[in-house]
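One chain is shown next in structure tokens, namely the form predicted on its own.
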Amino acid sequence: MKRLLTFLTVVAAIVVSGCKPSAPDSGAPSGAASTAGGSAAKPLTIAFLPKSKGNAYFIAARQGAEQAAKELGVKLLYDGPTEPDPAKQNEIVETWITRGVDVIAAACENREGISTALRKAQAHGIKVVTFDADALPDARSFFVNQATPEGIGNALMDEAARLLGGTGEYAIITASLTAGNMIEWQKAIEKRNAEKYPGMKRMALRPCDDLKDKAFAEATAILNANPNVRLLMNICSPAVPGAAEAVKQAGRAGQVKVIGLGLPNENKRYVKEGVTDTVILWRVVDLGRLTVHAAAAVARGELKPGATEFSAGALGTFKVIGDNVLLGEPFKFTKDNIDQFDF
């Protein structure tokens, strides 16, 4: 009888235990809402993909992204190639698809190359936005654009023309011949050149792979092959100090002007020495911050097609043109103001 009672007690305990609601699955996708008990949803996971994670430009963007993540209460993942590498970007996107992140925010080294992977992410329910350099439009919801290609191209070409008096030879050093944003900037520069400054002639277009040392080598080669080049226009941030160092070592400071898209801290020395005349850029920290705000808003259904403006909290309200969220107009850093900035 005692054995029978013990057996029945065990069976009853098992039945009671089996009728209790099971605990929530800790492996639920990030951002998925809990159904039992009405508990709060997990925070969004936003994956932030730079072209190269060691580039000072993207380190500055990351600072803004992390600031926005704290403001919004979201989880931020940051990963990218150590040097610009489209294949490595694709691998990282595939990893994030497997992990089940909520949003991917990507700066695309090769727009065609990464778009297939980003479309796959969308097919798995992951939202996609791009920043700095766009993918193909069907591979993302919105592009957080630092400025329009026309705004950037016009600013660079106008400054080059001002320094050369509207005539003379110049050369461009870019990061990559395949980066979508730089291709668009080059087109805008060429258009402005043809329409407003027919007396100016571009003599070379060389890639530096987003590397300062390679930019130095390319600038040196350009100056040796084109002795009449009077200005080096650099459209990626590592190229500006690289080209400035080449001009300085060649003993041609003042004879060959240096301008470009760069970070104040990387160029202060050359600007103060008179080697670099003008650095043109936008507030890169704000670009990263705005990107994460936009990514979260897309994931939450707050930023939708047809929007004409977007509020990013304390950062401010920004124009939306089509599927582009615009940070604003480029800014010129010169000897007169560059000490006011620290990034």
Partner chain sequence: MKRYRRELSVTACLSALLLVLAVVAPAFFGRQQLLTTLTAAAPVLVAACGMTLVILTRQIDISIGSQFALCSVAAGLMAKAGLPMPLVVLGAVAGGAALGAFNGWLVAGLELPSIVVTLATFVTWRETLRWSREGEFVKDLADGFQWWGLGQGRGQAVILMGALGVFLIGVIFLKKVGAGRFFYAVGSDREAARLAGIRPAAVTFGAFVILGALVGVAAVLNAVRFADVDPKTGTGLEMQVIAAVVVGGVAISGGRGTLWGVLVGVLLLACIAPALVFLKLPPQWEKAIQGAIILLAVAADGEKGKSS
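Residue numbers count along the first chain shown, from 1. Computed from a predicted structure; not experimentally measured.
A second form of this protein, the form predicted together with the partner chain, is not displayed here; the remarks below concern that form.
Proximity to the partner chain in the model of the complex, taken as heavy atoms within 4.5 Å, picks out 208 to 216 from the listed stretches 158 to 166, 192 to 200, 143 to 151, 208 to 216. The partner chain in the model of the complex is not approached by Thr278, whose heavy atoms all lie more than 4.5 angstroms from it. The partner chain in the model of the complex comes within 4.5 Å of a heavy atom belonging to Thr82.
Of the heavy atoms in Asn265, some are within 4.5 Å of the partner chain in the model of the complex.
For the chain shown alone, Lys248 is a contact residue for the partner chain in the model of the complex, at least one non-hydrogen atom being within 4.5 angstroms.
Three-residue candidate spot Ala56, Ile59 and Ala225; every residue lies within 4.5 angstroms of the partner chain in the model of the complex by at least one non-hydrogen atom. Residue Leu177 is the sole member of 157 to 178 found to place a heavy atom within 4.5 Å of the partner chain in the model of the complex.
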